[in-house]
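In structure tokens, the next block holds one chain alone, the form predicted alone.
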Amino acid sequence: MQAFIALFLVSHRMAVLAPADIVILALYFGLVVFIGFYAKGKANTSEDFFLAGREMTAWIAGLSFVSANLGSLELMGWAGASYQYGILAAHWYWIGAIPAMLFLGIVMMPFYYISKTHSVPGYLQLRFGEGARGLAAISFGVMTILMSGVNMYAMAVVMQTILGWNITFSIWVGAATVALYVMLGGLRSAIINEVLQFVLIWAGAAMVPILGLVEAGGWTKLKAQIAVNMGSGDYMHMWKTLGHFKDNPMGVHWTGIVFGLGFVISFGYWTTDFLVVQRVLSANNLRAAKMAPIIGSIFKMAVPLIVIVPGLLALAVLKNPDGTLMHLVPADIAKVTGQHSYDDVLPLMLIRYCGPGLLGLGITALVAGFMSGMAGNVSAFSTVWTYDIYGAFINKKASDKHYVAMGRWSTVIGMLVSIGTAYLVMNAASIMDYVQALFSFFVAPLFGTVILGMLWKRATHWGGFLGLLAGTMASVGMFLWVHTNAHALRYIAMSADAQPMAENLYRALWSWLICVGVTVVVSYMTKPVPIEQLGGLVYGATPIPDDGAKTLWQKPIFWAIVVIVVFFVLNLIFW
């Protein structure tokens, strides 16, 4: 018996769940599996399994759209990043998300929707041919599997930090649960669970910033305490310190934030990453498809409250048992010294403020976020594998029933591969370093290819394929260059004072520019695509259908303007 307990417990657990906490956690696991069995009866065709029958309302698709992104990337990674870099981390929520989400809804969604494509690689096949589709599908498949591993690892870290659970035990329990409900009900099951998980995340995670701000004496006193503890007020300004690499904790310049993050990485992720676009494609009409990203952007602007604020609070209130200020360190140092790492910020704050009952709700919120991230990645992987790799290159003539079976099997196999990548994440300095490296590899050049395909009629098949290939290879090449020669960073970021986070921003920008440059040059050297073949795929060759909005309140563009005004006001307030 003792040997069995030792299998999933380690000695340094920080808290013990009360019976009420265990009941809450068990009810959550039971409910998500029940949803999987419920949705199974509605997942009989490939359209049902991979796109939820295209029956989702704007609100359901919008909440699922933002919830699929609310995994470890948000909860663990950015809470740790805000402790490490201060309020600069909020750029990844505002300029790094809001403009791109609005652009997707207003400009790009009509093309995705009216082309009736099942995936982003599917759009590339229609616009640039099978070569671009295959390259994008393989790149996306690799990225989603790796990202699913990030979510598994993050959940295991939470369980180890708070409850002392063995990391391997936590990874397998989380993976098995997600694989079961996605395999049973497909995208419909994932979407219903994501909406549930969105509510639970807010119910559980909102306690930390509320109770923390009360303890700190409000926002003004929090800023003053951080300035005293860190010996600098630079941690609380979003733009003021971005004039030079040396003036801020992140070691970045405003050009990297605006062009690298705000344009290339952000637009690349929110407009071409099929993980989030798949949720919007499930909308039941064009207006719902345009409104879903706008609704999602409203909730996205509020997420820093439950992610960034806890990291900032930790800078002010987190202390050792002897009363001295606690200093968190990178994960590789924490493994040697036994200290807590940046990624432990949120679990530590949860334990600080939550007693029996509330701790169970808080832990359930975190687990919901991690499982949402896992489900989003594995359901997107299943779709792209089945439609854009297996169905396009391996077995083109199978029945619809066969493709549904393949979707279920690829869900299980994808999850098993993700388990292996979860152990790979352990070697990264922090979760966010790993995630940003993945985005700059695959998403940045893909955005160059998709945006030229939608807006430029002269782009040709060879131009799109070779541009995407060149951008991806350039990004991987720059990554290897910097990691084998640290001095190379000064050339990538164009400054000797640049820090590792700047590398990700500028590498993404360079890879996008290389992709666009190669696409333009090759397109002018090759035969243009006849205009009659571009209908439904490119601006200027496609009549945009009416979305059915009659009043001002129903128009997506009106709500997009409201959101962008609030976006500018927030940036001015926290300048």
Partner chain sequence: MEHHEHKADPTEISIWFFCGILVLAYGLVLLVTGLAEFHTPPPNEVLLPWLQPLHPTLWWGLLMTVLGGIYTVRFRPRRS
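Numbering follows the first chain given and starts at 1. Fair warning: this is a prediction, and the values are worked out from it, not measured in the lab.
A second form of this protein, the form predicted in complex with the partner chain, is not displayed here; the remarks below concern that form.
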| query | finding |
| --- | --- |
| Contact label in the model of the complex: W510 to the partner chain, heavy atom within 4.5 Å | no |
| Any non-hydrogen atom of I210 within 4.5 angstroms of the partner chain in the model of the complex | yes |
| I24: touches the partner chain in the model of the complex, heavy atom cutoff 4.5 angstroms | yes |
| H402, heavy atom within 4.5 angstroms of the partner chain in the model of the complex | no |
| Non-hydrogen atom within 4.5 Å of the partner chain in the model of the complex for each of W481, Y491 and L570 | no |
| Region of this chain that lies against the partner chain in the model of the complex, out of 193 to 201, 261 to 269, 453 to 461, 238 to 246 [heavy atom, 4.5 Å] | 193 to 201 |
| One residue of A302, I114, L325, V329 in contact with the partner chain, assessed in the model of the complex (non-hydrogen atom, 4.5 angstroms) | I114 |
| Single option in L416, V336, A496, V214 placed near the partner chain in the model of the complex, where near means a heavy atom within 4.5 Å | V214 |
| Partner contacts for 20 to 44, taking the partner chain in the model of the complex and a 4.5 Å heavy atom cut-off | A20, V23, I24, L27, Y28, L31, F34, I35, Y38, K42 |
